[in-house]
Structures are given as structure tokens and as C-alpha cells.
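In C-alpha cells, the next block holds one chain alone, the form predicted alone.
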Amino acid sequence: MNPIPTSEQRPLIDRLTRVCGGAYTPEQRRKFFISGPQWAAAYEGQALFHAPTRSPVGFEEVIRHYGELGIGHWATHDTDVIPADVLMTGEQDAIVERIDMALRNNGVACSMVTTETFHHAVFAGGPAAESPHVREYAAARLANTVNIGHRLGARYAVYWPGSLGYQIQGAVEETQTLRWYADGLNAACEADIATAAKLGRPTLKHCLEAKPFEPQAEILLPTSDAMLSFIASGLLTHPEMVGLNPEYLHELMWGCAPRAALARAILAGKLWHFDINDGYRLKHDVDIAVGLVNPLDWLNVLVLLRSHGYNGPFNLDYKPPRTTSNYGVFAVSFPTAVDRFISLWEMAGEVLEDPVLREATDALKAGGVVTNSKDVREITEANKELLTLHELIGHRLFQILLGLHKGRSYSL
């Protein structure tokens, strides 16, 4: 095999991408509430053990590419686009104006804003540290992000308390730390109410995002279930304003079934925002693009969401691999991630309309014929054959995933 000259590599990528087929048009992609985060597209490949492999990308370029691809919404942390040293200054106002112009020029809307309360050294003790000065600064940052969100037309604010915890046992008193964290959220909600009233806009939906581990050794709100308990704890002055932003991989990491976690959030009326990606159980946060690891599980997740009428954002919270070039981020990574999601969403619709699955699930719900509802042996015998349908349902889902229900077949 001959080496591929540099000048021929991008054309090769483009040609093989076209050969793959199955791509949706930008207009088709815009029909879905999909948001592209600034941090995902601008990720340079760096990590604890990894040096960057890509050059920096600014928000104007990211937003332009999203507009071209048909990703209709954009999301950001405050410090993804505004240096920490100029937050809450006139220079911030100028940057926000540039962001707003870039969004308008490219037909992209800002869907969500979030505050970085984990990276900067000021948060070494977390966003609810013992120092009242740190907590006061954190509250000001949260209120400032709410203001930025309103200026950009956002509808959601997301909070990731991944540094709310400790490395050393006994270093913090957990109940007090949770109270302090609630104070920060309360300040954000109060600022939101005041700003929304002033601007004549609805208040934002404030969404908590759980993660079971990393970066702290012990995290105080590690799962979506823990956050549901926190919202209902009585510590929040406006619990009706606070819901969840589960992330698929964050739920998978600790061994949970993401679909089950989402179901519990749906029952609580708190599933407002959803970060979509993929990865592996009991591993660290690899943030692989949706459908590349667990496509059958993803199909089932989207069946659940479609059947319950979920209409919130699907946020592409993943990291293009370090092996993907700057060019490949927008030529391959983002369009294929969106297209896999749309394909799985369409398959979920087929699942909901499939006559085999409908008859099987209806039969299970009907149960067998029983004359004595207190006779355990009769009940067991009446249903034991029907329960075989559980495995048949799994097989049918596999067929739909591979297109076998449409006559696709393989020959040896």
C-alpha cells in the first residue's frame, strides 16, 4: 500500500463519507431540538494524561459550522467564551454582543448556558466552599450566567456540581455544604425571576446534571436520583424552577440503566434537558458520540422518550476523539453524530408502530385466563407461556435496529 499524501487525505475522508451514505440534510437536522455545545466542538483533545491534538476554535467558527450543518442550537459555559478575568465587566458585554451577532448571522439559537464552577482555582474547595467569599463569588457568577442567558435568548441553565464533594474524609460537613449549594441555586433563581420580569421573558429552566465520580473522590450529588431528593429536600426556595439534565453516560458510568433513570425523572416531572453521548459502564467519562457503543440501548431510551412526549433539548455533550482532526470535527464527527441520533429516533417511531411488538406487549398486559385470582398455581400456569414474549420483544428490537423487519437479510 502506498502512503497517502497530505493533499489527498481530506478528499479521501470526504469521498468515504459520501460512500457511507445515510446523511440527512441541514434542513432535516434542524427539525430536531439538537444543541451543539461550544466545549464539545472546541475540545482540543487534552486530558489528565493527554496533550492537545487539535488547535483552538473560537465561538464564531463553531457557530458558523453548526449553522452550516443544520445544528440549530448552541450552548456554552460562561468561561468557554468569556475569560474569567473579564466576567461581569464591560468587556463581557462586548463579547456577548459578538456571540449574539454570530448566532443571528448563522440562524442558530442559544438554547442553554451554564456556569463553570469546577475548573478555576477559586473553586479548589468546590462551588460551596467554607469561605463565604468563594460562595459569594459563586452566587455572583451564577446570577451573571443567568443574565447572559437572557441576553442571548436561552431557555435553559444547567449546573454540574462535579466538584461539590471532597477528596479527604471529614474535610467537609456534608449537610452544611448541601445547604450552601442550595443557597447558590436560590440566588440564581432569584436573579432569574428579577431579570425575566425586567425583560418580559419567561424564567429559565434550571437543570441539575449528576455525575457519579470525577473529579472529586466523593461527590455529594452523584446521581439523578440524589438530585431529585435534593430538589424535594426543602432547601430550595423555588423547587418548581429546578429540574434535571441527566447525561446518558453519567447514568451508565455507575452501573445504572439510563432508561430507568430517565423514567424516574419523567415520573417526577423533572426531565427537562438531556445530554446525549455514549460510553461504557463502570469506566471514566469517555464522552463518545451517541450510538457508537450502545445502539440497542439508545434505541430503547428513545422509545421511552418518544412514548412520553419528551420535547426538550438533546445536547451533544461528547468529545470528538483525539484522533479526529480539526477538519474532521465538522466534516465527520458532528454530522455523523447528529445523523445517528436522527436514525435512532426514527427507528424508535417504528418500534412504537410495530404490529409484532404491539401484539406482544398487549398480550403481556392482558395476561392469561384466570378463574381464581387468589390461586397462585393457576396464575402462574396462566402466564408462564406469555412471559416468553419478553425475549421475543428483545429480538424484534434487534431486528428493527438492523432493518431486518424490512426484509434485509444476510447469506453465507
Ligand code: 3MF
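Since we're looking at a predicted model, the values are computed, not measured. Just count from 1 along the sequence shown to find any residue number.
There is also a form predicted together with this ligand; it is not shown, and the following applies to it.
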Quiz item: Looking at 230-238, 157-165, 257-265, 300-308, which one sits within 4.5 Å of this ligand in the model of the complex if you count heavy atoms only?
Solution: 157-165
Self-check item: One residue of D278, E209, D183, D78 in contact with this ligand, assessed in the model of the complex (non-hydrogen atom, 4.5 angstroms)
Solution: E209
Quiz item: Out of F32, W345, W39, F59, which one falls within 4.5 Å of this ligand in the model of the complex, going by heavy atoms?
Solution: W39
Practice problem: With heavy atoms only and a cut-off of 4.5 Å, decide whether F118 touches this ligand in the model of the complex. | Solution: yes
Practice problem: State yes or no: in the model of the complex, is some non-hydrogen atom of T114 no more than 4.5 angstroms from a non-hydrogen atom of this ligand? | Solution: yes
Quiz item: At the 4.5 Å heavy atom threshold, is E251 in contact with this ligand in the model of the complex?
Solution: no
Practice problem: Spell out, yes or no, whether the shortest heavy atom distance between D192 and this ligand in the model of the complex is within 4.5 Å. | Solution: no
Exercise. Just give me the residues of 306-325, first to last, that have a heavy atom within 4.5 Å of this ligand in the model of the complex.
Key: D317
